[in-house]
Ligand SMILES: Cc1ncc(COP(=O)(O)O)c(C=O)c1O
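Quick heads-up: it's one chain on its own, the form predicted on its own, in structure tokens.
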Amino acid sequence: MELAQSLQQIQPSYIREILSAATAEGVISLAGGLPDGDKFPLALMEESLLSLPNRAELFQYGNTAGYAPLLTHFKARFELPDTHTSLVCTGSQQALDLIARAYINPSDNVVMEAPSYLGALQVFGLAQANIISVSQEADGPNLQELEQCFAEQKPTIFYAVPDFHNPTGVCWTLSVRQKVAALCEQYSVTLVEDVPYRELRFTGEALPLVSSFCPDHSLVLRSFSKIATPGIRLGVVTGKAESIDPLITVKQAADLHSSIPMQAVLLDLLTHDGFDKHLSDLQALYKSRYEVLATQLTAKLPKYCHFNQVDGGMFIWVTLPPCDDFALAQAAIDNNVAVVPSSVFYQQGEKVTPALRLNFTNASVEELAIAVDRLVAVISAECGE
């Protein structure tokens, strides 16, 4: 059977494929965007999980939009306007897929920052969208490029990760958030605001969602993989009811609904007396690991490499001199440290800034120090100037 033309253009996820090599004995992985498995809030979930056999109603078919008590909780938790609603998805990745299938026709223009989240590049690629890239600066997207793109290309969607961007870790400033929202309203572009790392801020004060400045021109994607567990595979997309309704129709055809028992467990977790402490403990742990990695990189990276400080999230972005970043990443694996090369975060054929994405949330402080030594040795050998 011949593959669909849309799939023929899509490359498998480098990150998913590297995980097998990254888990080999002796390899320290800074590659995957993995939360610390030892810190999953399983103790907070235990009572809820053990009670499931006594809650037979959760195991019947459910509403496509989601478990009603959880939807009610989201309405209050996210302070949604009366005109807005929620759709629970099988991870926020599914929300991206539903949006693409509901709103993107082949050759429709979709705008993304470059570099950008690999999973979004794959989803919009499968939808056969025409992906237009705008460059990223230290405080968010290049606003001049973005406005020119909106005015001339008339895109359907602008997809962005404003809080601790994957892969670069950039967090948009307040002024950039307000300007992007104004541009979305001015040019009738829907902002798809993906915020899986928003709750992982460990320094400074949280900034308003970009969508809070353009609520009628936005959809917000939230994930519970980073603050609960990835394995429950739950996320939520929120927006105007008239924008969510088509997504519900697509989800009906895709999988009927996400796991109702897991939605009930998630609700119990989010309302547990210990959840706020779990979240603050997680932020403190990730801050300590980030500080170790940043200190090690500052002390040991060659002078021709650079990285920007971050205030949260899961990643540090290390820029390199001109080099073959794929070859460097392979050499790193050979030296028992796994990293992700920047090329995978760009469209094929697009000009790539050589860099490496380093994850700091899933390795101990001891492992992080060793990993930097191994990585610096590889960089010096491959990029020495």
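Computed from a prediction, not measured in an experiment: that's the story for all the values here. From 1 onward, residues are counted along the sequence shown.
Keep in mind that the form predicted in complex with the ligand is not shown, yet the notes after this line are about it.
Partner contact region in the predicted complex: 217 to 225, out of 265 to 273, 251 to 259, 294 to 302, 217 to 225, criterion any non-hydrogen atom within 4.5 Å of the ligand. Within this chain, Tyr197 lines the site of the ligand in the predicted complex, having a heavy atom no more than 4.5 Å away. Looking at His278, you'd find every heavy atom of it more than 4.5 angstroms from the ligand in the predicted complex.
Among heavy atoms of Tyr159, some come within 4.5 Å of the ligand in the predicted complex. Although the partner is absent here, Gly91 sits close enough that one of its heavy atoms falls within 4.5 Å of the ligand in the predicted complex.
Out of the listed residues Tyr286, Tyr117, Trp172, Phe124, Tyr117 is the one that sits within 4.5 Å of the ligand in the predicted complex by at least one heavy atom. Between the options Arg201, Arg233, His73, Arg101, the residue in contact with the ligand in the predicted complex by a heavy atom within 4.5 angstroms is Arg233.
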